[in-house]
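The chain that follows stands alone, in the form predicted alone, written as structure tokens.
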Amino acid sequence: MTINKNMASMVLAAGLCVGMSAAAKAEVWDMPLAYSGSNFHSVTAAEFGQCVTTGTGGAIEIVTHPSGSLIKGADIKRAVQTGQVPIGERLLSGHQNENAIFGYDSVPFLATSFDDADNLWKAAKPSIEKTLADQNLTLLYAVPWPPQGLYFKKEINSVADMKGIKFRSYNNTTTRLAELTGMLPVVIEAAEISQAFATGVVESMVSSGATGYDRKIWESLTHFYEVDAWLPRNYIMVNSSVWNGTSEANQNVIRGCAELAEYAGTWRSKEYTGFTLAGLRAGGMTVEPAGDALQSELKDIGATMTSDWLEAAGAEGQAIVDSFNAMQ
């Protein structure tokens, strides 16, 4: 991977400006993460933290806490918002119950490729930044997950085959998907996935190949269907009061490190897609595209869910979709 030399130089140059006074002003920013330390999002966050620590000459030390070890995933956003921790990473679509705009990246079959997801992010970013700002949160960077597929413990050829299956839910979209397919939604956080499947609490989920690979999901499930439903993003945000109290020099370093992290994380996501699907196959899973009949039924469900989201998101949501469609 080639990192933009201008961005790297900016970070290092800014670091030299603040390094002289680092010892006197050193502070630790604990950064909770929902996913395991080996997950590419967590790896990227750890590198971001090291970049900030180095770039500020130690004035700000970011320490990551993966696997929900410091704060559980569902509570991270609130913890940053209220100042319990200064910074954190969160899948914002998990909070679309408080604002439908947070679910823009989980509308089924709206953006089904990395290029589409990038355009959708460009269309939605101003709204996301404003919404977060109103909640005392400053967005630093966002990284997409690989395309989402469906995991099962048996062969699935139609939506009818899904009826009664216990399905992992983590946001409004996944709960609604379960309802429309006749599955039974069960709320499970990322850190609880392995245990939930091993004990039969859930039997299916929609997620990326990365999540299944990281959790060795082949120990419990047998099939992964590539439906490319959506590419949700993880977002790194800082408490705005903390951010506003940070020197301009250190803000510049953090912004530079965030730009590097978004670039590196996106690159990893793309590279990790093929690698993790191969890993699922090596673990013994059947990995294949959904059949034509199933794909057609899922797209019909996606159209229903798109209408649901647009109704909830109102004019702002429609503006995002219109802007996205204009880029296609």
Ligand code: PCA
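Given the structure is predicted, the values throughout are model-derived calculations rather than measurements. From 1 onward, residues are counted along the sequence shown.
Note that the form predicted together with the named molecule isn't included here; everything after this is about it.
In the predicted complex, Gly88 stays away from the named molecule, with no heavy atom inside 4.5 Å. In the predicted complex, Gln148 approaches the named molecule with a heavy atom inside 4.5 Å. The named molecule in the predicted complex is approached by Tyr170, whose closest heavy atom lies within 4.5 angstroms of it. The named molecule in the predicted complex is not approached by Leu110, whose heavy atoms all lie more than 4.5 angstroms from it. The chain is drawn here without the named molecule; in the predicted complex, the stretch among 154-162, 203-211, 244-252, 114-122 whose residues come within 4.5 Å of it by any heavy atom is 203-211. The listed set Ala190, Leu221, Ala196, Ile128 contains one residue whose heavy atoms approach the named molecule in the predicted complex to within 4.5 Å, identified as Ala190. Contact annotation for 219-237: a single residue, Pro232, has a non-hydrogen atom within 4.5 angstroms of the named molecule in the predicted complex.
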